[in-house]
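Presented as structure tokens, the chain that follows is alone, the form predicted alone.
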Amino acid sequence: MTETAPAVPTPDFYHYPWTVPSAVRVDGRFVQLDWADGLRLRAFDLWLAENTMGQAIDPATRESVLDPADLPDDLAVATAQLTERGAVVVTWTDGDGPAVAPALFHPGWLRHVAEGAHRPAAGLPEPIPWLATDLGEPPTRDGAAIASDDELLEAWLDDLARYGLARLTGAGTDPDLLLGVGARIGAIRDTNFGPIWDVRASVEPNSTANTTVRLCPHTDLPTRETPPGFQILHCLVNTAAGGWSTMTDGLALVEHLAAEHPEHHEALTTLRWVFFNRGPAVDHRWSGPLVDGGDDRPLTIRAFHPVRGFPDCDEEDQPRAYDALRRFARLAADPRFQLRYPFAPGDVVAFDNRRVLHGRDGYDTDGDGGGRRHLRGIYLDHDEVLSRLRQASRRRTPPAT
């Protein structure tokens, strides 16, 4: 069987280098592939069957059309070898049932599985914990072209994924800028505040954010089963006295607690609180620890204290729950951890709402000329930003030759 590399489709829409294994053999229910640099993949027979193009994978959608209930009981790999061009061809036995056609696999696609490039973190920048002294100010880029420049957008999102915080300056003051920028990234996360919302002092505020009081370090919407992943704020006007914004890297803070205060870290990650929205038209509630997630799950810090209502743990655990809460809140506002900066009109600041605790100083709207501070904001789920970054990474991968 002969073919050119691009003629071997893969179970996704990406291109892979044509990296031919040095050896292929059947080992029981596995096909073992070895490459000359020592990389190895052991592919289970039923997994290979589920990823057979044209038989189990629809060429149009690249999704499986095979019901697992229909996987033959007696299916087994008969042979596995390389074609003349280096594709991997697998033949099957299936007891006395109908013949199963040979399956052809792109060697580069198989190698990307061996490399772990199929895993959720693949193609994404490694998160970098930071202290206030590490950054000095948010990672910043000129945002004048953010509405149309894909390279600028992706570089800004790369900063965001690394540091959980990224700023643009000079982006202008179009009040709907974030709707366009958000749509270029993915689906905007709608909430009871709407797809885009205002942050400014209000006579009848629907949130503590819409007052002039200080906001201590917090994350938004811990009342939700899955709080929004990223938040983007755009400054339209700021003539108020005070109101500097603050950012604290929860990743660095949690690592510090684990190393220096393990008893508080344990309480923060295991003892639960009930969070709820006090609103006449809403009643969102969720119970969880202040520091949620871990292992393979994204870090989720639930720390908006205006909506943290009740301890949800045994009576004997409540004293240590509050001890850990005090430690967490004091460290989050400690100058070692907390970055402070002013907002200027045209600034766009994005941050990981489940990692970075944001806040602001109180501000005064009663100064000479009547100061004003008006921000607009949107939410995006982690999925949308990370999908955009993976696509950018894939585009930089050379096509098969």
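These numbers were taken from a predicted model, which means no experiment stands behind them. Residue numbers run from 1 along the displayed sequence.
The following text describes the form predicted together with ligand OGA, which does not appear among the structures shown.
In summary, among the residues V274, L135, L233, L104, the only one with a non-hydrogen atom within 4.5 Å of ligand OGA in the predicted complex is L233. The contact with ligand OGA in the predicted complex, taken as any heavy atom within 4.5 Å, belongs to A209 out of A240, A209, L157, L178. If you check ligand OGA in the predicted complex, you find no heavy atom from any of F30, A43 and R111 within 4.5 Å. Stretch 214-222 is the answer when you ask which of 116-124, 322-330, 214-222, 74-82 has residues with heavy atoms within 4.5 Å of ligand OGA in the predicted complex.
Contact annotation for R354: none of its heavy atoms lies within 4.5 Å of ligand OGA in the predicted complex. None of the heavy atoms of L48 is located within 4.5 Å of ligand OGA in the predicted complex. Looking at V89, you'd find every heavy atom of it more than 4.5 angstroms from ligand OGA in the predicted complex.
Not displayed here, ligand OGA is approached by F343 to within 4.5 Å at the level of heavy atoms in the predicted complex.
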